[in-house]
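For reference, the chain that follows is the form predicted on its own, supplied as structure tokens.
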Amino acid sequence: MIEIDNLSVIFHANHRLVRAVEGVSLSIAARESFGLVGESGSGKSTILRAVCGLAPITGGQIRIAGEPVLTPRGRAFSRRVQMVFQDPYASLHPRHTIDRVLSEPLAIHGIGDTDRKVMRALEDVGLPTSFRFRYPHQLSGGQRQRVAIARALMLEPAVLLLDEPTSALDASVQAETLNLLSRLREERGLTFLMVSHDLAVIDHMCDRILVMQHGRAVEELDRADLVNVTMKTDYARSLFNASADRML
């Protein structure tokens, strides 16, 4: 479903050249959940931003379902790929009701039956339909993130890009949100590309993992590697140990 070949993202910031991603390749099957993990600045979020057109692609190619991703991204891309951001409050317009937030993608794409789809979207993410005419500031952080997830699913995409979707939430709310995402993936046959600095979160959600450092791919792992602690690189092992220590 997702193929990234030799991707590079290089840009200028503060009068210096930033090599955010260098020569990263990966392939994700349909309905698979794939994780990108690494410390801040490792390039993992930049890959997601490059996929959805928010970061410049300097080299390499991205394909979705075998088709090269074009610049700028068109409506067909939006119907197939959606992103859920880290901060649910920043990603929702503070002066738009939840109804407007969820209705807007349908209006842009000329999709009707808005009322039924909005009500169903709220139910699908476990929110009361009475929340429809509330504003983001009237919801908790976890509820706002559920709205962000519902908005991403309004166009019934095949792929969700998840950029640290629970890091701004309390621990108990994190677990609820991760379980919600797992359920939606199973019910809708979604493909996930998920970013986190926390191997424990990624292990809960993902079938395979790519460890990144300084913009480069370090090591690819599967669940068995994590369970058996069979990382080949010191960096991947240090990330695992740090996550294990936080869980104690």
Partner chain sequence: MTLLSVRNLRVSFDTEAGLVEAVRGVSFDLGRERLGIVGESGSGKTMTGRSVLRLIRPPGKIEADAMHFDGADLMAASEAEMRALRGRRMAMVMQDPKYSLNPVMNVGAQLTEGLRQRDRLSAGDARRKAIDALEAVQIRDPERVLSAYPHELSGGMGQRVMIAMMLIPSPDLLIADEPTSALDVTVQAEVLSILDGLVRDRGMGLIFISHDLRLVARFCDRVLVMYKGRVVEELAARDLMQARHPYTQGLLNCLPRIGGSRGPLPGLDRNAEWAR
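For the two forms, the rigid core is made up of the largest set of C-alpha atoms that agree within 1.5 Å on superposition. Please read these numbers as outputs of a predicted model, since none were measured by experiment. Numbering follows the first chain given and starts at 1.
Although not depicted, the form predicted in complex with the partner chain is the subject of the following passage.
The partner chain in the predicted complex is not approached by Thr233, whose heavy atoms all lie more than 4.5 angstroms from it.
In the predicted complex, the partner chain sits within 4.5 Å of a heavy atom of Asn179. A residue is said to contact a partner when one of its heavy atoms sits within 4.5 Å of a partner heavy atom; Val21 fails this definition for the partner chain in the predicted complex, lying far away.
Put simply, Arg144 is close to the partner chain in the predicted complex: some heavy atom of it is within 4.5 Å. The contact with the partner chain in the predicted complex, taken as any heavy atom within 4.5 Å, belongs to His204 out of Arg188, Arg216, Arg63, His204.
Out of the listed residues Leu169, Leu122, Leu160, Met154, Leu169 is the one that sits within 4.5 Å of the partner chain in the predicted complex by at least one heavy atom. Heavy atoms of no residue among Ile28, Leu48 and Asp222 are located within 4.5 Å of the partner chain in the predicted complex. Taking the partner chain as it sits in the predicted complex, the stretch 30-65 comes within 4.5 angstroms of it through a non-hydrogen atom at Gly38, Glu39, Ser40, Gly41. The Cα shift for Thr129 between this form and the one not shown, taken after rigid core superposition, is 2 angstroms or larger. Taking the rigid core as fixed, one finds a CA shift for Thr97 of 2 Å or more between this form and the one not shown.
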